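Have a look below at one chain only, the form predicted alone, in structure tokens format.
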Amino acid sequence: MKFLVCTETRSGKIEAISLEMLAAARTIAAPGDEVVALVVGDSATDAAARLGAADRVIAAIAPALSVPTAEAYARIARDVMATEAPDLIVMPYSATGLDVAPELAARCELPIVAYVVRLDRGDDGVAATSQIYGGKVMAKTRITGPAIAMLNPGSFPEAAASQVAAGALASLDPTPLLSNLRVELLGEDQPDLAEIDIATAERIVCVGRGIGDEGSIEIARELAGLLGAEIAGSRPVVDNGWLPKLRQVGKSGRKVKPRLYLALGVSGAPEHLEGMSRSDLIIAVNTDPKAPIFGVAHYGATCDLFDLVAALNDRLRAPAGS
């Protein structure tokens, strides 16, 4: 089989999900198979230094691809797919992947399997396990022909970053493919991180919908203060206006990797896991033992978060040795 891994870059840097996809492809690749990585961006330097897990790397590089639009990425990917004829295209379930993968599937008449958290190779093809309905249901499918698999970020370990082998990096001139694009990136409005950047925090206390209301966040905020942690929230918390957008963790928020991530009342939807599942130590508190957050947590407690947090605060306020 041939696997085409559609990596993601931003301002010339390889995103972590790219190494996860390479590791996933390597997991199911048999002797004689080939793993090809596609890089779309404005520089191949970082890709050359980190994508050595691929047998070959195809780099489509142009200044206009610093942050490639979905339209541009899809055109380049289709061109590579026509040449390479891969058996399985591996894409991330990311903001870019959500735009590109369905277009590729529709234009190339390929089936698509999303929310993939596990891949297995068998005699009859590739088996994919998908986390659906917010992670509450696991679905298994079999892929026997050319198809697209969209992997949930954080579901696979990252492949070790290593130098691409000599002669394994090929350039693709994307210029002809970038003519007459209907969508042009005019600019980006970056958040003002002068006040707080939770992406750099070593400890985070994150509250989810289970916190109940804005006023109830105060007990979690106190715990964060006692732990020297930053307070953060899942998307429902931010959408309700209980915390500012700068403190949102997840696909549409900040991606974090603290040493400690304490999730209080967070269910663990795939979009949230994308933003925090690489944390060094994850502790989850939720009354629902089937909450997907427990799938990535190192430690978990199925109890009322308010009882636990109150007890933790009392313990942390107590003088040392008492």
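Residues carry their position along the shown sequence, with the first being 1. Every value quoted in this text rests on a predicted model; they were computed, and no experiment measured them.
This protein has a second form, the form predicted in complex with a small molecule, left out of what is shown; the following refers to that one.
*Asks:* Can you work out whether residue 267 and the small molecule are in contact in the predicted bound form, taking contact to mean some heavy atom pair no more than 4.5 Å apart?
*Replies:* Close contact exists here: in the predicted bound form, residue 267 approaches the small molecule to within 4.5 Å, heavy atoms only.
*Asks:* Answer for residue 287 alone: is it within 4.5 Å of the small molecule in the predicted bound form, judged on heavy atom distances?
*Replies:* Contact check for residue 287: yes, within 4.5 Å of the small molecule in the predicted bound form.
*Asks:* Using a 4.5 Å heavy atom cut-off, state whether residue 155 contacts the small molecule in the predicted bound form.
*Replies:* Result no; residue 155 lies far from the small molecule in the predicted bound form.
*Asks:* Taking the small molecule as it sits in the predicted bound form, is residue 34 in contact with it (heavy atom to heavy atom, 4.5 Å or less)?
*Replies:* Answer no; every heavy atom of residue 34 is more than 4.5 Å from the small molecule in the predicted bound form.
*Asks:* Can you tell me which of 146-154, 230-238, 168-176, 216-224 lies within 4.5 Å of the small molecule in the predicted bound form, counting heavy atoms only?
*Replies:* Comparing against the small molecule in the predicted bound form, the contact stretch is 230-238.
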